[in-house]
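Single chain ahead, written as structure tokens, the form predicted alone.
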């Protein structure tokens, strides 16, 4: 299989977030919440909203699907839920920290491939391939080609992820393929679209909750740690601020200005659910 990837900061952040969610919110999901049916935007409702998201995806799985390739399976919690419902599931997990967590969670019930999807190779044909907030990390052509390569004729591809809806990249909210580029490349493939649902408004409250936690918890801790460091180790902190000034300013501008809101997510992103048939 493909080469095991080194630990990067994004994966470490997901790992930290996972343990935070697990301890404080009793949730092992790493995906957005689905705030439907008037569910209030409250941090205590995030676990419920994340379960709503998982339940929504399961409700959209066609009845003739038995085997699923879960690409970018996160913590493995959704794969575990699929296994519990009787599906045959294999996982593709590119990192190292989360892959071990997935293996511990699903045990011997699922094969976990520790590689990027671009490096994944198998002669097996699945009934469905799933990209739940992993689509944005994979070149679109690789995803669409993989659908044909790893899914049986008449099988399905489920994509649930957000896209950039701002051609000028004015948003501080990162991530996502350009929506226009996606629709252009999709038109070149003969896949049948069975479902096309915009769930941006239902997922946007997740951003408000993260922004609130950032402003009310993480930012004060950040300032306190810097103040403590300057008091105890003034020369070291002076060097750090000189050496990494640009990176520190970029991080503070990106995360601590309060602009990463649900409203801006709606303005600059487009969170879509798709179901295709091969």
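Numbering follows the first chain given and starts at 1. Model, not experiment: these values are computed from the prediction.
Beyond what is shown, the protein has a form predicted in complex with a small molecule; the following relates to that form.
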property	result
Options 201-209, 149-157, 188-196, 90-98; stretch whose heavy atom lies within 4.5 Å of the small molecule in the predicted bound form	90-98
Listed residue (114, 143, 80, 132) with a non-hydrogen atom within 4.5 angstroms of the small molecule in the predicted bound form	132
Contact test in the predicted bound form: residue 138 vs the small molecule, heavy atoms, 4.5 Å	yes
In the predicted bound form, residue 73 touching the small molecule (heavy atom, 4.5 Å)	yes
Residue 30 within 4.5 Å of the small molecule in the predicted bound form, heavy atoms	yes
Contact of residue 181 with the small molecule in the predicted bound form (heavy atom, 4.5 Å)	no
